[in-house]
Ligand SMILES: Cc1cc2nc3c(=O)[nH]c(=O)nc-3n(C[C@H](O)[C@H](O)[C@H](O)COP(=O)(O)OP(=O)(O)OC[C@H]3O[C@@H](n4cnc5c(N)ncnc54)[C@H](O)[C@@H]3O)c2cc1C
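First, one chain by itself in structure tokens, the form predicted alone.
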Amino acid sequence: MQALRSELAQQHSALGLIGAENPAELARCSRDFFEYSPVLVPLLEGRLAQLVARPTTTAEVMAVAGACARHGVPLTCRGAGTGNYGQCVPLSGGVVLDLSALNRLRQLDPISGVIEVEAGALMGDLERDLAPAGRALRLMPSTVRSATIGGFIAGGSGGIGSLRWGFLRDPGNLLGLEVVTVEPEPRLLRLDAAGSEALNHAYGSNGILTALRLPSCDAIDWVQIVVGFGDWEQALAAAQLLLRSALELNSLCVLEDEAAAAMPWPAGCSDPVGEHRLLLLAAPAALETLPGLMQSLGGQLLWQEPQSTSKGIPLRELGWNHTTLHWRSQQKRETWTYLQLLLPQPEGPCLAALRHRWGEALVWHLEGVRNQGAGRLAALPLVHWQGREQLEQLIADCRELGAFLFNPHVLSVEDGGLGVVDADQVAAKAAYDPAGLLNPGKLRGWLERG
């Protein structure tokens, strides 16, 4: 490691190398929010890189990649570290490559709206950069203000906008990648949409993403809407109806009363009193229909405010995994975790059966998504941690009832997703990281190859 550091320091003084002389920063750059999972904590706590490098150009990225390849040193990429599964935790030590200084919006096509942006760009900054042209990002996590676009593509799967545009791996959401290979003489490649598929949501395990080509969409000043329901079944029915409606919505979130009570509501929106809440980001035209429709279903419109003018925390930061964040901040953190499910249709029987079996150990949080062209409800329930055995039983119950699980309590790309080895991901690693140095231990297909 010392030889590698000396080589990089002599040739690339701008890399800002950090090692054992700064243990606090070394530790910060070696973790993400994996503490959401009591299963992952003992596996990842204390895992540290020996060196952090912060390149500002693709040439510097290539220098680090080449040095790691020549010295046989593991290399793990990271953005802002807002992930929840240990995607950027260096299991085998080595070098952490912090790409946050590669943050330029290189191009915005004025006709197609296609953008090319460097991987370390903060999504909140990118959102502001696109606004003057009347464009916006299609998909974003609830951590949009602090997450990097490269980290979102490498480690995310969906979020705000998934109700309209589906998931990150759906065709059309990633148009191309610029990638650096990890070889003694690294290559800088430009991949088209088809070539990029295997690196999408691969935890940076099969190529270093330095820039991305993405579609943008027309910017809409979404109206934030909160609807209250005294009855859970009515709230669920309203969500199901909205998924089938022609109303233009960018986000739909349902919070059970206990979860709603723990949220830090925006300025002007009253705290709930024993009510379930439906949170919407709706186009202004939807206001012609929504209030009456919600009232007919037993709901009461409690608050509305354009996203551009509201004060305090935006409504989009009460959904997705921010719900888990806020809930854990109000509870004993070590006693609560979560799951991620795509619910079977109709959703009611599955939810009722899990409520019957698990009672107060589950607090419901639902999100609207588009899956294979149709509106669906995903669930990110808050789960009272009662040990590994109980969690495994809950997972088994969810699967038995027809829910598809995206498990946030596992380390590998495959087990946190579809559960099967993706041969294209493994082939991409063989082509772009032949020595297996990138984020080792995260791609199960590489570990199991014959």
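Numbers follow the displayed sequence, beginning with 1. Values in this document were obtained by computation on a predicted structure and should not be read as measured data.
Beyond the structure shown, there is the form predicted together with this ligand, which is absent from this document and is the topic of what follows.
For the three marked residues, G83, A119 and Y203, a heavy atom of each sits within 4.5 Å of this ligand in the predicted bound form. For the candidate set S251, T337, T143, S196, a heavy atom within 4.5 Å of this ligand in the predicted bound form is found for exactly one residue, namely T143. For F152, a non-hydrogen atom is located within 4.5 Å of this ligand in the predicted bound form, even though that partner is not displayed. Proximity of W320 to this ligand in the predicted bound form: non-hydrogen atoms within 4.5 Å are present. Interface residue remark: L293 is not counted as part of the site for this ligand in the predicted bound form, having no heavy atom within 4.5 Å. Residue contact check for Q307: none of its heavy atoms lie within 4.5 Å of this ligand in the predicted bound form. The stretch from 298-306, 255-263, 154-162, 234-242 that comes within 4.5 Å of this ligand in the predicted bound form, counting heavy atoms only, is 154-162. Contact residues in stretch 76-92 (any heavy atom within 4.5 Å of this ligand, taken in the predicted bound form) are T76, C77, R78, G79, A80, G81, T82, G83, N84, Q87, C88.
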